[in-house]
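The chain below stands alone, shown as structure tokens; this is the form predicted alone.
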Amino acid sequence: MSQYDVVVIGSGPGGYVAAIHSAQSGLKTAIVEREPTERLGGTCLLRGCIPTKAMLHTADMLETLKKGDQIGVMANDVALDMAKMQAYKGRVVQKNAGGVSYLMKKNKIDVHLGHGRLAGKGKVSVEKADGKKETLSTKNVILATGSTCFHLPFIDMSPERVLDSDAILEMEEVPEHLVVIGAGAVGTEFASVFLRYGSKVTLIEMAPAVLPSEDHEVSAEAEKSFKKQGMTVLTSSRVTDVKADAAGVKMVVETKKGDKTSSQTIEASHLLVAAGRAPRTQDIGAKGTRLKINERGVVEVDEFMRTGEPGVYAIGDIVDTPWLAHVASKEGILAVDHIAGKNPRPINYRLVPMCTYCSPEVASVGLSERAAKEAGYDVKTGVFPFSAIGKAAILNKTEGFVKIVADKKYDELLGLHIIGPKATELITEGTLAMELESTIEELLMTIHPHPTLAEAVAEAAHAAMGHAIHI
């Protein structure tokens, strides 16, 4: 029987990063992965972050070329080739999956392919695809089993017409009319992809705003932009009935405005259900352990990712923290550092950057204006538009703005919210500033190179102090 210090179950960005950090910490480490294609990387790499961003990059390039004549680039007959796009996406995924496998070998991590389960104190069983089982002996286990698409119970998923975020990645043709349920990160990203690929797109959201977890000004700007691009956006709306056949999908949508509710029937070629994800904890061997799993399937952990079962940790999409790849990675490192006795500092979840790669991009960190006021802060804000930034004009992408939320009393940066070009790259500036507990004055005193998009962050800081320069 193999003996390990740490066995990680699941090779997503939480699991494989934990395994690498464990091996680098001098711990004998194994990782278990049940993916039928025998590729490592988990949902993020195989069916999430990486393939969707490849599709978004294709959409960005397509849009840029179609608008090339605005800046003197005449690209005639620009068109999308779905087969070549799929091949490109597949190459990107395969290259990254191969990179994870290489890192396992480089760090001398044993990879066991099969379904991993807790199997009693200090034991993990691995059931292989052929039904054979092996048992690993280990001092510690890190559960990183991730999540799966959440399906609405009243909707029958059809592989041809009613899709989840896994199935739509494999589309071989551009849908004529795509309806998307859910205007969170996943829904808006796919809506942005297929709108620019040429589909008619209808986006339906139960909340009163798209991207409802973002600052209210950012949500409003995103909805305005989506509509301007030609997307139909229905907020305060819910789908109550769906019927699908070989010809298409017919659904009933109820929309609430004030005290009145109206109903309409929408016919489309395809429906994407992007109503969230569910933790994958149904078959992890929890029975007979001290693991506490709530009614949503989430594993309870403490600030060091310890479960109630001694020697068993849980990270990523199966715990009640933001379900993001970068959060899972940090949690994996935290768990390993605790196992290694390094006395690590718990994660400050207030400083998690949230990124949505729709068009325009949206990113934020910290408190929204509304949340800061609800928390009791005396709030000041500063907003600066990309339309007044030279680099944005050069890129021909002047939509959106940077918004700073700060505390009047101590001038502390409480939140940074960005909608516009490269928002998901720029947000790191705010994350670092908040990690260092920077004031707004320190942010604006930081010299920002010109011409860059980052100047909008400094200008928003100036605006919060009441003296924006370039507007």
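Start at 1 and count along the sequence shown; that's the residue number. Keep in mind that what you see is a predicted model, and the values were worked out from it rather than measured.
Note that the form predicted together with a small molecule isn't included here; everything after this is about it.
K.L.:
So the small molecule isn't shown here. In the predicted complex, which residue out of D245, D283, D156, D378 has a non-hydrogen atom within 4.5 Å of it?
P.N.:
Answer to the contact question: D283.
K.L.:
Using a 4.5 Å heavy atom cut-off, which residue among L426, C44, M55, A433 comes into contact with the small molecule in the predicted complex?
P.N.:
Contact check passes for C44.
K.L.:
Picking from 318-326, 68-76, 101-109, 253-261, which part of the chain touches the small molecule in the predicted complex when contact means heavy atoms within 4.5 Å?
P.N.:
Contact criterion met by 318-326 only.
K.L.:
For V186, is any heavy atom within 4.5 Å of the small molecule in the predicted complex, or not?
P.N.:
Yes, contact at 4.5 Å.
K.L.:
Can any non-hydrogen atom of A144 be found within 4.5 angstroms of the small molecule in the predicted complex?
P.N.:
Result yes; A144 sits at the interface with the small molecule in the predicted complex.
K.L.:
Is C49 one of the residues lying within 4.5 Å of the small molecule in the predicted complex, judged by heavy atom distances?
P.N.:
Yes.
K.L.:
With the cut-off set at 4.5 Å between non-hydrogen atoms, does R34 touch the small molecule in the predicted complex?
P.N.:
Within the cut-off, so yes.
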